[in-house]
Ligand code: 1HN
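One chain comes next, on its own, written as structure tokens: the form predicted on its own.
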Amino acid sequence: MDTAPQLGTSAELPADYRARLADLHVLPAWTLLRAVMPVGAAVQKAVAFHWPYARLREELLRAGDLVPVEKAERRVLALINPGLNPDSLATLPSIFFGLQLIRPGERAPNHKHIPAAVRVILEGSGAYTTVEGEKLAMEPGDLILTPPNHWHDHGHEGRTPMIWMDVLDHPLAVPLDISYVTPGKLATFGENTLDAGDTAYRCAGVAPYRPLGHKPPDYPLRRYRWSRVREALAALAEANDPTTPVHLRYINPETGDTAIRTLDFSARELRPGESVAIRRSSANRMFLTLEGEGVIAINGAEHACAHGDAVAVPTYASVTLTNAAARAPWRLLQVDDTPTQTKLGFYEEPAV
């Protein structure tokens, strides 16, 4: 077995040499190399963690009493991983989760930003997101895309609080020094822009006709209805062999690529009594329970999850999902950074 050499330390260098290097703003890389690139295993700062929705919801509603939407712009409680620097606003090194509240009659102002955002609706009705003038209704379980640099705002025409989970890739953008927001005015929309993507892509396997060579929009479908995804999960659960996991990916209907280029969104259904072991990989993963209850075991530690609960799974962890219920299915959303890691050539699934 190969043994990595013992590298020299900064203390072994003459003080005057270190001072000259500091004056030039350079460092002897070999003295810090093992801190960022250790032998045999990656540096892992993020830890596995479980955020219970019932408790988060209580504090979010309290925030609604304390902070008007005008003072917050977006009234969000950020889910911060205990192993990461809170200032990074990161749930995992590449993924942000935050719980957002909008109350009846409120309207969050229009803006756009470099990071992509996805809304996963947890409760309420009557609210909407407007993306580049397209008014997208929100219902529990729906995914609403806000692609990079797209104008968007939120409004609520219903009667009860609307709560959703924001999922952003800004932890990827911040280290690149490219993350910023541009404020704007409230968007306007006409009747012909109401959920237009849902009309154009209503039937799986077909897309609006375009002459060959004409490029479709980058993000043609911005609202993925949970009612249809749920129906597809249930049908697949019934049709598949009981030993085959039920797992569906959210995709761009024109290209077949992931719905958002940096993050992969997928829906899982576990039948009553079913247990699924997920292959270890370099991906950062988040799980969000949409329906039912189940247990997520991360490196042997169990997290019992109910509706709205979010669980962070760090890289290279062993994960097992178990639905111990006798009758009800467990349906949950999985978010991971596999697309980004794959594009960079970083993604791996260790043999051991």
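What you see is a predicted model, and the numbers here were worked out from it, not measured in a lab. All residue numbers refer to positions in the sequence shown, first residue = 1.
Not on display, but discussed next: the form predicted in complex with the ligand.
**Q** Within 4.5 Å, heavy atoms only: does Glu274 come near the ligand in the predicted complex?
**A** It does not: once the ligand is placed as it appears in the predicted complex, Glu274 has no heavy atom within 4.5 Å of it.
**Q** Can you check whether Arg268 is within 4.5 Å of the ligand in the predicted complex, heavy atom basis?
**A** Arg268: no, not in contact with the ligand in the predicted complex.
**Q** Would you please decide whether Gln100 lies within 4.5 angstroms of the ligand in the predicted complex, comparing each non-hydrogen atom pair?
**A** Answer yes; at least one heavy atom of Gln100 falls within 4.5 Å of the ligand in the predicted complex.
**Q** Answer yes if any heavy atom of Ala127 is within 4.5 Å of a heavy atom of the ligand in the predicted complex; otherwise answer no.
**A** No - in the predicted complex, heavy atoms of Ala127 and the ligand never come within 4.5 Å of each other.
**Q** Let me test this: is every residue among Glu139, His156 and Trp226 within 4.5 Å of the ligand in the predicted complex, going by heavy atom positions?
**A** Heavy-atom distance to the ligand in the predicted complex: none of the three under 4.5 Å.
**Q** Counting only non-hydrogen atoms, which stretch in 68-76, 229-237, 254-262, 194-202 is within 4.5 Å of the ligand in the predicted complex?
**A** In short, 68-76.
**Q** Would you kindly say which of His247, His113, Arg280, Arg107 lies with a heavy atom within 4.5 Å of the ligand in the predicted complex?
**A** Flagged contact: His113.
**Q** Which one of Met162, Val131, Leu168, Leu92 is close to the ligand in the predicted complex, taking close to mean a heavy atom within 4.5 Å?
**A** It is Leu168 that has a heavy atom within 4.5 Å of the partner.
**Q** Heavy atoms within 4.5 Å of the ligand in the predicted complex is the criterion; list the residues of 214-236 that meet it.
**A** Heavy-atom contacts within 4.5 Å come from no residue here.
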